[in-house]
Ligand code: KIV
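A lone chain, given as structure tokens: the form predicted alone.
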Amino acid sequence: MSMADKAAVTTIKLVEMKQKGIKITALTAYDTPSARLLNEAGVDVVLVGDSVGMVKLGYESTIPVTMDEMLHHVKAAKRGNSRALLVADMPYLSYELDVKETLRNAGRLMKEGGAHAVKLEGGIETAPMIKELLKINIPVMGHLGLTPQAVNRLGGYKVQGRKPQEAEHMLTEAKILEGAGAFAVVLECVPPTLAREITRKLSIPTIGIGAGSHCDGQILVLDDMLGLSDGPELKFVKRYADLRRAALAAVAAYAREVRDGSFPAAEHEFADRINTLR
């Protein structure tokens, strides 16, 4: 990575990347080591997603995730972040009900958590909130298509925008989010033709997940692409490693060696007169 590449990523830089045709890389992180890893690899955007509820906390959806839980993980990711744009999801019911509550919650993610921006799910209904957040200098990323916080209304985790009227509505909403001041929009589980059309008609970047190759950037859940997840394999996920299998084998080997007495061996024991841990 060159010195120029080590410069901090900003919302303005993301727009410049779209203008120059440079693809944006984004991944989730929920803790310090993961964020540090993504920074060392040169990832542009680190998203502390409310997906932490399903990936790390054992919830069945993102809906139960609280502000306190989000703050905990945003703070942890911040401590490992040195270059990437750190974006924090606003969890369910932290921004839908009241403007003052929205501003307070987003402000906490920025001031206490150390996020550089927040992400809101939804279309036209979030536009007023985006405008209010910008008044207190909080950048906002939008999110259209499959919005997990609305999974009960959507009837499950399904591709969105396949019908012509749905596609037209999503394009209109994308333009509304841009007009409200969003600096980027995530498109989740959207047909690639629709994602391409939205990308072409917006001046702000689109970041896809299950939305094809025509978006300005891509995002995946880190645990999914590393093969750490134990759930069903999702169509839009490419597994770049199979770490769960390797970790399972390692833990099983450890347990076996402890039980048969081969660990710890002599090389793992301290000499009587040497005061060192190495």
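Owing to the predicted nature of the structure, the values given are computational and were not obtained by experimental measurement. Residue positions are given as counts along the sequence shown, with the first one as 1.
Missing here is the form predicted in complex with ligand KIV; even so, the following discussion is about that form.
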>> Please tell me which of Val45, Ile209, Val65, Ala35 lies within 4.5 Å of ligand KIV in the model of the complex, judged by heavy atoms.
In response: Ile209
> Quick one: is Lys119 in contact with ligand KIV in the model of the complex, heavy atoms, 4.5 Å cut-off?
Replying inline: yes
> Is there a heavy atom of Val186 lying 4.5 Å or less from a heavy atom of ligand KIV in the model of the complex?
Replying inline: yes
>> Can you tell me if Cys215 lies within 4.5 angstroms of ligand KIV in the model of the complex, counting non-hydrogen atoms only?
In response: no
> Using heavy atoms and a 4.5 Å limit, would one call Ser229 a contact residue for ligand KIV in the model of the complex?
Replying inline: no
> Is any part of 206 to 238 within 4.5 angstroms of ligand KIV in the model of the complex by a non-hydrogen atom, and which residues would that be?
Replying inline: Ile209, Ile219, Val221
